[in-house]
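The chain that follows stands alone, in the form predicted on its own, written as structure tokens.
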Amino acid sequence: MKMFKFWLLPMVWIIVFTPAILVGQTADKNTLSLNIKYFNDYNITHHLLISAKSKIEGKFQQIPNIPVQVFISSDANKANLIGKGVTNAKGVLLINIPAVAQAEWLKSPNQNFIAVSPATQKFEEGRGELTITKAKIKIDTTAGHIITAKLVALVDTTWTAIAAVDMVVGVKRLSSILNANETASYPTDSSGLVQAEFKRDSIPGDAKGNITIVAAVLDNDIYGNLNAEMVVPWGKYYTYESNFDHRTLFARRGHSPIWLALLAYTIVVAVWSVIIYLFFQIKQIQKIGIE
């Protein structure tokens, strides 16, 4: 009877304490949040940006190296998979919507996207969803350097003008948009239109004076991020002149300004003159001492 109890005790310990250990391990995992942003790239291509975040030590942080699968439609099954990857050092993953998703894309004027991340050693399973209404921007110009842009969305099977949506209008500069004038954004009117006067007359263009004007809807809850652009000859043409062989303050060696070279040489001569004078004075003192 005593031997039986001796072998029974480890089994009792495993049954009682193992669930508590597992619960503790699960509790140590952080909750993972996946956020999806949709981008219509100039009515040509489309892509998604998925960012992974988690609340660590009381504040949200971007989480790198998180595997993510992205699905189109409301079902996260293998047939609707449009891309997968791992978040970069900034916790962001870019997924281009492929051409194979066209059949699913054309089914409805609204589209749903799902991002799923499996549970890892540090994080619980993450999931994010985004529903957008298909929309696009048409951009044009009129006399007097006026930029016009129209926002339309797909309602049933008809492209319909959309009012009361803020739009940014300006000039494409690197990865940002320089506003066309002092106004930061414009709400679309009942016809889906905005008009912005271009006042950046002195902005430099390319070799022909061309610049790229842009109209964009940014981070809209219904339509996502939309862009449209157009090339116009409204910039200033500047002829680049190289100063490589000219005497300038920041020129290559041997081409510094004459006044700067004279100043430097004068300082060198003055310093060495003092040193040589002191040397002869020391020699004279030595001769006097010998005599």
Partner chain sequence: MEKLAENKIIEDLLPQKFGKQGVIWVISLMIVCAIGAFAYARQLYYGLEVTALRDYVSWGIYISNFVFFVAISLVGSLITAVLRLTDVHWSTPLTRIAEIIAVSAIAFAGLIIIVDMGRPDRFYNLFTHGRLQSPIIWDVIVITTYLFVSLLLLYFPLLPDLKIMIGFKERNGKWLQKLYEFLGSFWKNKPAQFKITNRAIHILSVTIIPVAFAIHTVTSWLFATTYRPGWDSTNFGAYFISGAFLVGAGGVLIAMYVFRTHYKLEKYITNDHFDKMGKVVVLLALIYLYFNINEFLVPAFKMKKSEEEHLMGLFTGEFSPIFWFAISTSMLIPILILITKTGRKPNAAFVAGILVVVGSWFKRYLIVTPTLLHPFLPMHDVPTTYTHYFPTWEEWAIAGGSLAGALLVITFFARIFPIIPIHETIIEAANENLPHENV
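Here the structure is a predicted model, which means the values were calculated and not measured. Basically, rigid core = biggest C-alpha set you can superpose within 1.5 Å across the two forms. Positions refer to the first chain, counted from 1.
Omitted from view is the form predicted together with the partner chain, to which the following refers.
Only one segment in the set 259-267, 223-231, 50-58, 66-74 has residues whose heavy atoms sit within 4.5 Å of the partner chain in the predicted bound form; it is 259-267. A single residue from the set Q62, T248, N35, N43 has any heavy atom within 4.5 angstroms of the partner chain in the predicted bound form; that residue is T248.
Within 4.5 Å of any heavy atom of the partner chain in the predicted bound form lies no heavy atom of K29. H255 belongs to the set of residues with a heavy atom inside 4.5 Å of the partner chain in the predicted bound form. Along 255-288, these residues reach a heavy atom to within 4.5 Å of the partner chain in the predicted bound form: H255, S256, P257, L260, A261, A264, Y265, V268, V271, W272, V274, I275, Y277, L278, F279, Q281, I282, Q284, I285, Q286, I288. Put the two forms on the same core and the Cα of T45 is off by less than 2 Å between this form and the one not shown.
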